[in-house]
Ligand code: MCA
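Below you'll find only one chain, the form predicted on its own, shown as structure tokens.
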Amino acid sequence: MPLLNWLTKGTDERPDAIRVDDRAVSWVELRRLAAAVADELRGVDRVAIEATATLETVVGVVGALTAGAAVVPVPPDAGPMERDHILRDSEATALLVPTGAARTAEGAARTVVPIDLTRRSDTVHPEPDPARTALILYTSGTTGAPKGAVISRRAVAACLDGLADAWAWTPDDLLVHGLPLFHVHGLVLGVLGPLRLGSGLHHVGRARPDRYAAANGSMYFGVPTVWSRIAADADAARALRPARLLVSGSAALPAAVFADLATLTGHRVVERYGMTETLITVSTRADGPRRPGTVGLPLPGVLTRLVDDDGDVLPADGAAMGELQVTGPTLFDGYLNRPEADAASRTPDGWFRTGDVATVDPDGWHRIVGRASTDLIKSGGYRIGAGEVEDALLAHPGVREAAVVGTPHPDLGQQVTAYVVGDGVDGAELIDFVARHLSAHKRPREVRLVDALPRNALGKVQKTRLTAD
């Protein structure tokens, strides 16, 4: 089956199949626009594109995939150093830019290819081998310069087919979101998903509650920041009642937001788990229960396991916390030009080390505790999940945001330290509040009140920045 199966075969000429902000095209028109880009990319192995939330980005990405090139999305807000690193490290030989954009070819051997929405082509390009690289997605770079994750066309297809099974995703759906188009969530799920599975797409531009409310979709994608803002806008939230599915990902959805959305929209949000290197591997199902704070079951073909610090497999008893490791058809092919990092990311028997700490219930349901490096706190012989303490803090009516980390302690090794954005609260009150709700050893030893928490483009709290000062 072609990677973009529905787009490849679609004959629907209705003008609003794919909408980005205030511009829309039919399936047939998108295919012809993409074919014109593909004509210009014959023989190109890797092509970079500034991945703005525009119709040009959709056409450019689809055109490159049609030509069999590997797409290297560049975040539009990347600073000069990050942008230069991505372009040079990826060795992209072409750069896709909208017609008239003030861009030149950075690098000696890079060709600028215009994305011209006035050009159409009826060229039928052969379907590339499924083993070919579809995307080179750059990680956040929390442990050094961003690394390029090489993702095959086969892995993208396996991920999307697994989600179609889990979410009952069909051509009858209209997907609505406003996510960035340079990550797995917004690009792979949010653009390539509709083009493979046949649902309509309405990218609302900026992910504002009023734009979500006006879109009349059946499926909505969002990150916790988006859902929190929608939950705070009762009218916008109620407008989502006719939808079929609300999906949250890229970070843990606070239990309070889950509850508010359930009350206002009538929907219990579907949560799922994945990484750039693994795509989506675990998800709640559309036809199953929804449990706040959990991400459900492995997708078809995906296997997971928990291991302790010695690499021994832990029981799925809902209590044991260990590193989550995964294997299956959605995994990436490796890090571009980083053999040492690639080797370090795999176990001797071939499983991928996610670096995330999780628990697995006896019925197979997964709960993500957080990153092993920042969210598993080892204090006085106890292993404490930061997320549990954050949820307890967020249950206080005066707390708007909370992030918990482990900081050095001369006796305990690490202490639980909380960064809180709140209204009229003080640290001693919050420490006592948590101690009344959780075991005493899980209470924060210190609460630092801040004006805001540092977040990235997907709304994830950047905990390393909290402790960098």
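Since this is a predicted model, take the numbers as computed values, not measurements. Each form is matched to the other, and the largest set of C-alpha atoms that superpose within 1.5 Å is called the rigid core. A residue's number is simply how far along the shown sequence it sits, counting from 1.
Keep in mind that the form predicted in complex with the named molecule is missing from the display, and what follows is about it.
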I'd like to know if residue 250 sits close to the named molecule in the predicted bound form, meaning any non-hydrogen atom pair within 4.5 angstroms. yes
Report whether the minimum heavy atom distance between residue 412 and the named molecule in the predicted bound form is within 4.5 Å. yes
Heavy atom to heavy atom, is residue 328 within 4.5 Å of the named molecule in the predicted bound form? no
Look up in the predicted bound form whether residue 400 has a non-hydrogen atom within 4.5 angstroms of the named molecule, and give yes or no. no
Considering the named molecule in the predicted bound form, find the one stretch among 163-171, 190-198, 299-307, 224-232 with heavy atoms no farther than 4.5 Å from it. 224-232
Just give me the single entry in 179, 115, 393, 151 that has a non-hydrogen atom within 4.5 angstroms of the named molecule in the predicted bound form. 179
Exactly one of 90, 345, 379, 133 comes within 4.5 Å of the named molecule in the predicted bound form through a heavy atom, and that residue is 379
Across 174-202, the residues having a non-hydrogen atom within 4.5 Å of the named molecule in the predicted bound form turn out to be 179, 180, 183, 184, 185
Core-aligned C-alpha movement of residue 68 between this form and the one not shown, 2 Å or more: no
Rigid core fit then residue 26 CA moved by 2 Å or more between this form and the one not shown: no
Looking in the predicted bound form, decide if the C-alpha atoms of residue 409 and residue 369 are closer or farther than in the form shown; they differ by 3 Å or more. closer
Knowing the Cα distance between residue 274 and residue 416 changes 3 Å or more in the predicted bound form, does it shrink or grow relative to here? closer
